[in-house]
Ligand code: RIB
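Here's a solo chain for you in structure tokens, the form predicted on its own.
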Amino acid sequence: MGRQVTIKDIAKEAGVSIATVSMIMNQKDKNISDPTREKVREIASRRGYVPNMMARSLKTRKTRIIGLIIPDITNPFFPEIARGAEDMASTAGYSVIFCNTDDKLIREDTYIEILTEKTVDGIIFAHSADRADMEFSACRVPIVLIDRDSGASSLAGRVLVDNRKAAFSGVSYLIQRGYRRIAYIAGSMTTVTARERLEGYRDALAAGNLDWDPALVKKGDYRSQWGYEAVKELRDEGASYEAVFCGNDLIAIGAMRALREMGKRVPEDMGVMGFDDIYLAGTATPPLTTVRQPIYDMGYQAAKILIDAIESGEGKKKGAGAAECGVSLILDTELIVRQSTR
């Protein structure tokens, strides 16, 4: 096996300085002519040049690696976020380490520690449903929260949707379609996301001059099995309702399964609405009316905010105890009408 090709070798063959080759390899070559850039890259490709990432990270104190912590890889919502984040990171020359916590706080804390020890340049973080507000001032790398907000400061940014407004639009649509008794099957109320969706549900009822009935609200988690169990609980409690608004699409799919077992037809006997518009929503039986979140774009924009912070040096400040909250990006949702509502 031959000696590994170095930047010095490429510079010698191209007849340019080592600094010029380094700038081209690190994509900091705006002031270098196109012919020189193309010549250097052709030589590097032909000779099989492989960057020494360890040496580069020691010199620049950057690994060009970011971490992505998500709570539930089995929920199709989060792989779509991961895809968006990875696409953006790849475009910027970064790699992504994925960590799945199974919604467990201890695993979440462990991954934050591991990623920091592995010297990632920053972290995109969708925290556990059981996570109360936390601070990141002690973390040496920038953090961008995604999907689930918290009251934390010292962040490089947040990428969210207006959950209260989105839930209001969904429940308002149900009311416009003639539903008057609307149940709500929610996720864990420990998250800001779930609390805001509950507020949007209540706002819509008030705007439609409908009574708020706590007996029609079930609080649990974001899994399909919870939607199934919640519908059975409502039946056992003798609850009377005409439609069910769900905290996410998985809950809605579980709810429809329970309704079928109870002999209820959707939407003829019962309307069902989800939230997220994961790919399963369009293939459910019947296809699910839902509130669409721009899932891929959430991941993409979170990675962009994080990488911008890393490259500008602002990320280091945010991770070192600054009071600022960075960039807050609130993306639009969209009502998607399918066949699970009349």
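Computed from a predicted structure; not experimentally measured. Throughout, we count residues from 1 along the sequence that is shown.
Heads up, the form predicted together with the named molecule isn't pictured, but that's what we're talking about next.
- Checking Pro142, Gly247, Gly170, Gly227 for any heavy atom within 4.5 Å of the named molecule in the model of the complex turns up a single hit: Gly247.
- Looking at Ser154, you'd find every heavy atom of it more than 4.5 angstroms from the named molecule in the model of the complex.
- Proximity of Arg158 to the named molecule in the model of the complex falls outside the 4.5 Å heavy atom cutoff.
- Looking at Phe78, you'd find a heavy atom of it within 4.5 angstroms of the named molecule in the model of the complex.
- Although the partner is absent here, Arg148 lies within 4.5 Å of the named molecule in the model of the complex, judged by heavy atoms.
- The putative spot formed by Arg197, Tyr222 and Gln293 is fully lined by the named molecule in the model of the complex; each residue has a non-hydrogen atom within 4.5 angstroms of it.
- Figure note: of the listed segments 85 to 93, 264 to 272, 116 to 124, 70 to 78, the one touching the named molecule in the model of the complex, with heavy atoms no more than 4.5 Å away, is 70 to 78.
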